[in-house]
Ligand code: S3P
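The data below hold one chain only, encoded as structure tokens and taken in the form predicted on its own.
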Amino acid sequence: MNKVISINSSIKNFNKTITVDGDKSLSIRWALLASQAEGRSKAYNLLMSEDILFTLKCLKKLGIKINLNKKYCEIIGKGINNFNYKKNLTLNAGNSGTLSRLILALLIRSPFKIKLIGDRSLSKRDFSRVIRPLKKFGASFYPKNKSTLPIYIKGSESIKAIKYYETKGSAQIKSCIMLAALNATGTTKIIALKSRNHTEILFKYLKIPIKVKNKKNLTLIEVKKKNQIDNFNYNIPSDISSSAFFLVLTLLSKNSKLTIKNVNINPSRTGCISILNKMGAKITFKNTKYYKGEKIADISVKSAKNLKAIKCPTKYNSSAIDEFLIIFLVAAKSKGISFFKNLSELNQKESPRLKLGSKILNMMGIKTELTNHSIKIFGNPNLKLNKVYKIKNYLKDHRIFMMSTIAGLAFGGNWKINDADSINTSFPNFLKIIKNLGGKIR
């Protein structure tokens, strides 16, 4: 289904308090670790997106009992490596890169080949990044030398700890190795570029033997096997990546204020806040607290009058990787030339986001200079749009859709944006919240 929305006017000023959907990264990690725990674990405010529903479906196929209702999701775990493995089993990860790469780690003791498939977009993405370390643990993959879905994984009875250098700054690779280590004899050691650390925090909370040391741009991790993980309940905080779209909409709108309640502000995820504040925003945290190791707060933001360009420090890249598309819109409105580099990882997402983000800015009359890993954006503080803008054939990327929606509401013009159903993968309530803020969408 190709659902199309129309936006014909910019949003009027607003002063609102909202709550956004649960954190996707934590929702998937909770489900996977709950499947390895002993007994009943419950999650409240679990993100009910397609990525999470595919996660639950995969776990059910592996013999895990799941009870889902409006109040909570309950997973009845059977312990580490106690999946019900069957011959000719196929697992469908849909569009989820996190699910597909992390669940492979939990299958490395499977006595049978398990086929992993995904949708058209996911099937174009690189899996060699997790195949390599899992092979070192002892898993086998078929066809040999294939690095895209569909692929088959077959485990081994003898899984031994490894030492691995993670060089991409990818939390998915790091987390995959950590989950595989739950089945490995010995101490698994990882030297990784800095990336989001939800898995490390969850391991510490669950008392899985883990040591973490931070050195400049590297994280040194040691993980040992644990015989049993206790069941655990979790109240999922709101997702900062989803919140970023409304923070930017507020910045770019006139005379507006917004507070977003109970957001996960884990420092490995707040790069976008740091970048936007350097560009002239005044985004603040209130009611800060810690929940099971994660930092949570209410986020407040006001309209910004004098936005300025940024030469973005690369130290923020890993902690803002999902938000760069929306940050580019702020650069488009800023005074001066913004420069972002070392962003090749953006092209490993659901679409080549660096290229497509630049294309949308060009459509809006914003000059860019693009390479495979960098972009210069020539800002226009007086940017106002009045033409017709059609967003079609953008590979059904949910963040491309949301970026385009914010652009239409912030800058005006007549927008027709395809693939509205793409938001179901990560943020089903996006348009509902937009309408709550006063955005007129048809």
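All of these numbers come straight from a predicted model, not from anything done at the bench. The first residue of the shown sequence is 1; numbering continues from there.
Here the subject shifts to the form predicted in complex with shikimate-3-phosphate (S3P), a form of this protein not shown in this document.
Only one segment in the set 315-323, 133-141, 355-363, 109-117 has residues whose heavy atoms sit within 4.5 Å of shikimate-3-phosphate (S3P) in the predicted bound form; it is 315-323.
Interface residue among P237, G169, G94, G155, judged by heavy atoms within 4.5 Å of shikimate-3-phosphate (S3P) in the predicted bound form: G169.
Only one of R29, K42, K396, K376 comes within 4.5 Å of shikimate-3-phosphate (S3P) in the predicted bound form through a heavy atom, and that residue is R29. shikimate-3-phosphate (S3P) in the predicted bound form is not approached by S422, whose heavy atoms all lie more than 4.5 angstroms from it.
At least one heavy atom of R196 is located within 4.5 Å of shikimate-3-phosphate (S3P) in the predicted bound form.
Contact check for K333: every heavy atom lies farther than 4.5 Å from shikimate-3-phosphate (S3P) in the predicted bound form. In the predicted bound form, none of the heavy atoms of K295 sits within 4.5 Å of a heavy atom of shikimate-3-phosphate (S3P). Contacts between stretch 5-38 and shikimate-3-phosphate (S3P), counted in the predicted bound form as any heavy atom lying within 4.5 Å, involve K24, S25, R29, listed in sequence order.
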